Every structure is written in structure tokens, then in C-alpha cells.
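Only one chain is included here, represented as C-alpha cells and corresponding to the form predicted alone.
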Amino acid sequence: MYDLKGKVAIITGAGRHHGLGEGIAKRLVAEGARVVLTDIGTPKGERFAKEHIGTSAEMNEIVAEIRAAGGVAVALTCDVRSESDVQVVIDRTVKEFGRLDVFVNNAGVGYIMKPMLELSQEDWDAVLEVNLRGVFFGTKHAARQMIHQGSGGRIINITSQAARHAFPDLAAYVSSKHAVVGLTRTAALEFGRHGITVNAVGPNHVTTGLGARQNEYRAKTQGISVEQLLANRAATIPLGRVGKVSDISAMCAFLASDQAQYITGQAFDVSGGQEMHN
């Protein structure tokens, strides 16, 4: 539909089965792109434990699935909190495929859920370092490579409904996602003259692995079942259902394509009408 043949894309935070990163990667491959999946790879302390991250083994399984279906993909470990890690991934991508056309900042921490009075500096830093600093590093170094190539490019930042709305027990997450919208708009202003578009995509709730943990937490705090929580949530959405990974990956495929070449600096809500803004 969007013809990404010959394009090369990097997707961060793409090492979990049924996650947004995996879905975005597979949709871009279906459109003809060659993709590089990245994730942190190994646990790093209690806030980046095995149950919260994309391991190298799982990321390699996703790459194997893509290759088995006829696509082109490689997996690289990357801690987006590290500027040198981000630069190395871009350098290795260019060495492997010759260029970089699309960079999707998808890596994020949304599993630290606590009332603000219980939120530690370490909790705050873990969220902001991935969700904001990581997006800054990805945007900066992707744009630098795209400028060097001289043929434009696409940077897509995955935000959230939390970029529009406040939610209890998610102070750091909400703050980071609001900030990414500001970063997106500033980058669009600075890089537009180079033919680089920078946009944000904000899902409402999607039940990925992360989404399932959020469901369990919200249901427990409200004293209801997860099934009732999801039913209540769907009732607030004009299209009558919560989001799917495919909804988000479709928007990313569009923004990565030439059909979106005149769209930049925008924060798109992909929410079934739940979020409506002038």
C-alpha cells in the first residue's frame, strides 16, 4: 500500500513478541522495507528486569520470523539511554544496508506505576532516561545521518494518550510523553529544510505485554476485573473497541511513506476517537 521498497528502517524497543515495536517492524517489512530491530537485550538492574525488557533471544526470534516470511531484518542490542549505543546502531545499519531512511523511537518504560508520593528519583530517572533522553538521542543521530545522505527521511516518535491526558500513578510517564511532543515539534522545525519529517503517534490503550500489566494494575486499584476494565474503557471510545497493534503500525507505515511527505511536526492520536483535539 505504501511502497517502502529500498527503504531502511530502525525500530527501537522492538524485542518483545506482540509488542508495538514488533508490529511496526513487521508492517514496514510488509511494505518492502529492510529493518533493524533494537532492544536493550539483557537485564540491567531491578527497573530493567527480564520481565520488562526485550531480550536478545526474543529479538532474534522475531527476526527469524521476519526472515522466514521472506523479509530482510537484523537485530542489534541498544540501550537508548546511551548516546554511544544509539550512534553505533546507526553506524552498523548504514554499514549493513548502505543508508537510513526511517527511524522509529518506540522504546519506552510504562510499567513503573506508583502514586507520586511513592515515586523515587530512581523511578523517575528510569522513565525519563528511556522515554525522553532515548528519543532525543535517536532523533539527533538519525537526523544527522539523514542530512549526510541528502535525501530526506522520516522520524516517528511513539508517544501515548498520556501525551494529551494525565493519569494517576504515572507522573513520570505522562511527563515524558508530553515532553516528546515538544521535542517532535522542535525537531520538525529544525530538520524540515533537509526534507526530514518528524511526527509523533499516540496510541490509546493497546493490550501488549506492557498493556496487560497496566490492565492488571488498574483493575486492582479500581477493585474490578480486567474484563470489566476493558469493557469500561471500550465504552468511552466512539469506535467501540480498544486499540490494536495493527492500528499503530498502519499509521507508522503511512508516515514512513512518500504519501506523508508534506506532514511534519504533528502529534497524531490513534485512539478510535477517544482523543479529539483542535
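This structure is a prediction, so every number in the text was calculated from the model and none was measured. Sequential numbering from 1, following the sequence displayed.
Keep in mind the form predicted in complex with a small molecule is missing from the figure; the text below concerns it.
Comment: the small molecule is not present in this chain, but in the model of the complex one of Leu100, Val198, Cys78, Ala75 has a heavy atom within 4.5 Å of it, namely Cys78.
Comparing 78-86, 186-194, 116-124, 137-145 against the small molecule in the model of the complex, the single stretch with non-hydrogen atoms within 4.5 angstroms of it is 78-86. Taking non-hydrogen atoms only, Ile53 approaches the small molecule to within 4.5 angstroms in the model of the complex.
At least one heavy atom of Gly108 is located within 4.5 Å of the small molecule in the model of the complex. Mapping the unseen interface onto this chain, Pro203 counts among the residues with a heavy atom inside 4.5 Å of the small molecule in the model of the complex. The small molecule in the model of the complex comes within 4.5 Å of no heavy atom belonging to Tyr217. Within 4.5 Å of the small molecule in the model of the complex, a heavy atom is found for every one of Arg16, Leu20 and Ile40.
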